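Given next, in C-alpha cells, is a single chain: the form predicted on its own.
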C-alpha cells in the first residue's frame, strides 16, 4: 500500500522518527515531490541511505507517509469534526463552514503543511501520486457518506442524483478550491468571508 512505512520505522524511538519526518516535510514543502531530493532528506535526518530504504521503499512512500502524518496531526490538533447533527439545512451548512474555516486557519498558521498539501493536491492526478490520493479519499469516505446521508435526510443536499456522483462533484470542486485557497491565502480578517463564499459555491452545486 502506498504511503506505508515499514514496521522497522515504527520500532524507532519517537525522536528518530520525528527527525526523519521533519527533514522530509522541510524538503517536500520547499521543493515539491518531483524536485525533492531523497539524499538531502537523508543527510538532514542524519541517517544513511541504507537506513532510509530500511524504513521506506522509496521517495513516493515517504512522501505519502508525511502527507498522512501531517493530515492526521491537523485533524487531531484542530478537530474533532463529527458528522453534523443539525436538523435544518442552514444549521447543517453552518457547521460545515465552521469546520472548513477551522482547517483553513490551521493551515494558514502552518506554512510548511500548507505548502506540502498544495503540492500534493495540485499533483494528485499524476500516476506517481494517484494511489496516495485515492487512499486518502478512501479514509475520508465513511465520514463523507454519513455527512451526505444526513444532509439528504434533512433536505440540505439534493436527492435526485446518485450519492457517488454528488461526492465526486464535491471532491473535484473541493480539490480545486483547496489548491486555490492554500495558494492564495486571504488575510485573516477576510478569511471567514472567503470560506463563506466557497461554501456557498459548493452549496449551489449540491443543494436541492
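Please read these numbers as outputs of a predicted model, since none were measured by experiment. Residue numbers count along the first chain shown, from 1.
Not pictured, yet referred to below: the form predicted together with the DNA.
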Q: Report yes if all three of 105, 108 and 141 come within 4.5 Å of the DNA in the predicted complex by some heavy atom, otherwise no.
A: no
Q.
With the partner left out here, check for me: in the predicted complex, does some heavy atom of residue 180 sit within 4.5 Å of the DNA?
A. no
Q: Mark residue 59 yes when one of its heavy atoms lies within 4.5 Å of a heavy atom of the DNA in the predicted complex, and no otherwise.
A: yes
Q. Hey, in the predicted complex, is residue 12 touching the DNA, heavy atoms inside 4.5 Å?
A. yes
Q. Does the DNA come within 4.5 Å of any heavy atom of residue 159 in the predicted complex?
A. no
Q | Location of the DNA contact in the predicted complex, chosen stretch of 159-167, 143-151, 66-74, 39-47 [non-hydrogen atom, 4.5 Å] | A | 39-47
